[in-house]
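This document opens with one chain alone, in structure tokens, the form predicted alone.
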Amino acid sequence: MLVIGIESSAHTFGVGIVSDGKVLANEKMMYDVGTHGIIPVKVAETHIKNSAAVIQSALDKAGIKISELEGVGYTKGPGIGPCLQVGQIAAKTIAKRLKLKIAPVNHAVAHAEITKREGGFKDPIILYVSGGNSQILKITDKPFRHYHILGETFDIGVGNMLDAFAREIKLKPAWGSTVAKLAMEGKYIEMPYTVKGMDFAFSGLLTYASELAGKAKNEDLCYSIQETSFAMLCEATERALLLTNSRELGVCGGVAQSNRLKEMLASVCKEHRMKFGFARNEYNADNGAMIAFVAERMLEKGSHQPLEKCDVQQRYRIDRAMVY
């Protein structure tokens, strides 16, 4: 089945095309956060400006015409409202024009499912770490097949925390990846550490590190905030692995692009002789291919919505979405 997927939950407008689970195209354009971060209305305006070009680029990359498409998927949520709406409108326009069935996809499920495929996993614990989310997940079949949340952040996602700190010390671009580069030259400063069972919190860490801005070297602050937050994630995830007797761990989401986090998680798994894996960075970053990948499965199982019911939901929790 030839399916197009549109992702627009945050700063990326991504378009992927999938056929029988194989990715034929995965094109994107991103909003430049500079030092100011994400401004929803401006991001949505950028998505509108870029949408037609990205869709055409994906079609060209896949070597197909738009008329050959057999299904459509889009990110329903979670995400930023104005940004989600751009992808929703684009997807509904294609579906209406071509009279195709359309599947609203949960963004987090898409990250987890493409990581399961990439990692060759059967029944893993998934650590989902992105800008807006930080969750420890495992599939359950009760009361329906979905990702059960074993643990999650009490406040903000680890990605948002690192991005906010990057803005605080005026890094450009204000991303966690910029924090990671400076961290390579830093030394550790003790910082607040908040883990409760399999849950964690990052706002206290962010406040403490921000108060030290200008009083300590940026390299030391970046190293310390990164090491502390990643150690918190590793502790909670290790606990989840052991309490559920799981033997596989996958990490996904934007922060899963961090080599340091993957190194720390790999160390946990090595100690317990567990399998560890992750998707390629193009699938950890927000992308349309993961949306198309899940949409194809949904459509093949008969899960689709009439156009008038294809909405967006900013707080679309992963445990509310059925997995096919």
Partner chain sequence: MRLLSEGAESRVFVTSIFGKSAVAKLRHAKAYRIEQIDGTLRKTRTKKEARAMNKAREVCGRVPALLGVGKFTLYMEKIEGTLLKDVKNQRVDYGEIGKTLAKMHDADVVHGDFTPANIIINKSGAWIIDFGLSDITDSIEDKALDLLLMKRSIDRKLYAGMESAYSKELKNSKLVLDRLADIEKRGRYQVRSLA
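Just so it is clear, the structure is predicted and the values come from calculations on it, not from any experiment. Numbering follows the first chain given and starts at 1.
Here the subject shifts to the form predicted in complex with its partner chain, a form of this protein not shown in this document.
- Among heavy atoms of Thr244, some come within 4.5 Å of its partner chain in the predicted bound form.
- Within 4.5 Å of some heavy atom of its partner chain in the predicted bound form lies at least one heavy atom of Tyr223.
- Using a 4.5 angstroms limit between non-hydrogen atoms, Arg260 touches its partner chain in the predicted bound form.
- Under a 4.5 angstroms non-hydrogen atom cutoff, its partner chain in the predicted bound form has Val268 among its neighbouring residues.
- The stretch among 197-205, 211-219, 83-91, 100-108 whose residues place heavy atoms within 4.5 Å of its partner chain in the predicted bound form is 197-205.
- Put simply, of Met264, Met29, Ala44, Val33 only one has a heavy atom within 4.5 Å of its partner chain in the predicted bound form, and it is Met264.
- Between its partner chain and the residues Glu118, Glu248, Glu168, Glu227, the one pair within 4.5 Å by heavy atoms in the predicted bound form involves Glu227.
- In sequence order, Tyr223, Glu227, Thr228, Ala231, Cys234, Glu235, Glu238, Arg239 are the residues of 205-241 having a heavy atom within 4.5 Å of its partner chain in the predicted bound form; the partner itself is omitted from this view.
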